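The data below hold one chain only, encoded as C-alpha cells and taken in the form predicted on its own.
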C-alpha cells in the first residue's frame, strides 16, 4: 500500500451503528427538487438546440425566444440542477464524515425552501426579460441577494456540523467542501455585485473572472468532494493517497482564481494580464493530474467493477471528462489556439463537457448511490440506471466532439475575411443538427435518471438498503 494510502471513508466510523443517527430530511429535499429542475431545464435545453436547426421555431413568442431561454437554461442547469444536487450530497456526506448529526435540520429545510423560491423566481423573471445582462450573472439583483442569504444559511449549517464533529481528522472531501463555501462567497459576490460598480473593460474582466471561477471554484471543488467520497465508497477500496489529495486541493486553491482573463486574449486588456492568465491556466495541469492519478490509483485492480456498478461508471467516466476538460482549457488559453477557437462553438462544447460530462456525472453517481440509502430501499431499476448512463455518454460525446470540430472549423472561417459571416453560419447547419440529435439522447438520459430516482422514492419499501 503506497505511503499515505488511507482506509475507505467512514470505515472507522462504525457505519452500522450510525444508521439511525441521520434523518437526512434536507438532503432529500435538495435531491428531489434538483432532479425535478434537471428535467424541466432539459426541455428548455432541447428547445434551444432545436432553434439552432430551425431558427423560426417559437420565434413569435417573446418568452420563448433564444435570448430569453438561454439565460434560463444556463442558470437552471447551474443553480437549479447541479449546485443543489451537490448541496444534497454535501448534506449527506459531511455528517457521516464527522460522525454527528447535521447541525440543524430545520435550518437545512429552510435553506431548501428558500432555494426553491430563488429557482422558481428565475423561471418567472428570466423569460420575462428581467436580467442583469452578464454571463452566468443574469439573475435580477433581488434574487442574487436571496442566493447570498441561502448560501450563508448553508455555510453556517455545514461549518456548524464540522465544528461539532466527533472525528478529529478531516477527510479530503471536507477540505474541498469548506473551500467551496468560502470560494463561492467570494466568486459570487464579485460576479453579481462588484460588476455593478464597474464599466467597460474592468467590468468584462470581473465578469469573466466570475464565469471561469464559477466552474473552477464553485463546481470543481464541490464536484471533487463528491468524487473523493463516492469513488472509495462505491468501489469499497481505500483512497490511493491522502497526501496527493492535499496537493490537488492546495494547488487548485492557489492557481484557479487567476485564469479567467484567458477568455479575453487578443482583447483590450493588458498584455501582462493575458500572460498571467495563460501561465496560471497551464499550471492547472498540476491539480488535475493529482486528482486523476488519485482516482485511477484508487481503482487499480478494480476496473472490472465498471461492468455492473453504475455509480462507479458515472464517477470514472466523469474523471476522464475532467482530465479532457482540464487539458483542453490550458491548450485553448494559448494565444495561437485562442485566436481560432475563442467565441466559437468550441467554447460551449468545452463548457458542457465540464458541467455535464464531468460534474453532472459525479452528481448523478452520487444521486444513484444515496437515494436507496436515504429512503432505505433498493434502486428501482439497475437496468434503467445503466441505460441512463449510455444515453448520457453517447449523447454527450456526440455533443462535445461535434462542437469542438465545428467550433474549430468556424474559427478558421472567421479568420478568412473572404468568407461572408452569414456563410459561416450556414456552414454549421449539419453541426447543429448533430447537436440537436445528441441533445435528444441526453434528454433521454435525464428522463430515465429522473424516473428511476422518483420511482425509487415512490415505490420504496420500509427496509434497509
Partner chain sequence: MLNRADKSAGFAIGAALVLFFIGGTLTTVIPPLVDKSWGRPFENHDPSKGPTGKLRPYTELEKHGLAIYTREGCWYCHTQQTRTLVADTKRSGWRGVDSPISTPDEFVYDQPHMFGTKRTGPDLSRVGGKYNTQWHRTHFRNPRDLTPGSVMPPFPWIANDEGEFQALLAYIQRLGRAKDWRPDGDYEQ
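Residue numbers count along the first chain shown, from 1. The structure displayed is predicted, hence computed values, not measured ones.
The same protein also exists as the form predicted together with the partner chain; that form is not shown, yet it is the one meant from here on.
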*Is residue 401 close enough to touch the partner chain in the predicted bound form, meaning at least one heavy atom pair within 4.5 Å?*
no
*Even though the partner chain is not shown here, does residue 301 get within 4.5 Å of it in the predicted bound form, heavy atoms only?*
no
*asked:* Can you tell me if residue 52 lies within 4.5 angstroms of the partner chain in the predicted bound form, counting non-hydrogen atoms only?
replied: yes
*With the partner left out of view, is residue 264 within 4.5 angstroms of the partner chain in the predicted bound form by any non-hydrogen atom?*
yes
*asked:* Check for me: heavy atom within 4.5 Å of the partner chain in the predicted bound form, for each of 307, 327 and 333, yes or no.
replied: no
*Have a look at 195-203, 359-367, 110-118, 312-320 and name the one stretch with heavy atoms inside 4.5 Å of the partner chain in the predicted bound form.*
195-203
*Consider the chain as shown here, without its partner, and state which of 233, 132, 380, 352 has a heavy atom within 4.5 Å of the partner chain in the predicted bound form.*
132
*asked:* So the partner chain isn't shown here. In the predicted bound form, which residue out of 143, 77, 178, 100 has a non-hydrogen atom within 4.5 Å of it?
replied: 178
*Which residues in 54-70 have a heavy atom within 4.5 Å of the partner chain in the predicted bound form?*
55, 56, 59, 60, 61, 62, 65, 66, 67, 68, 70
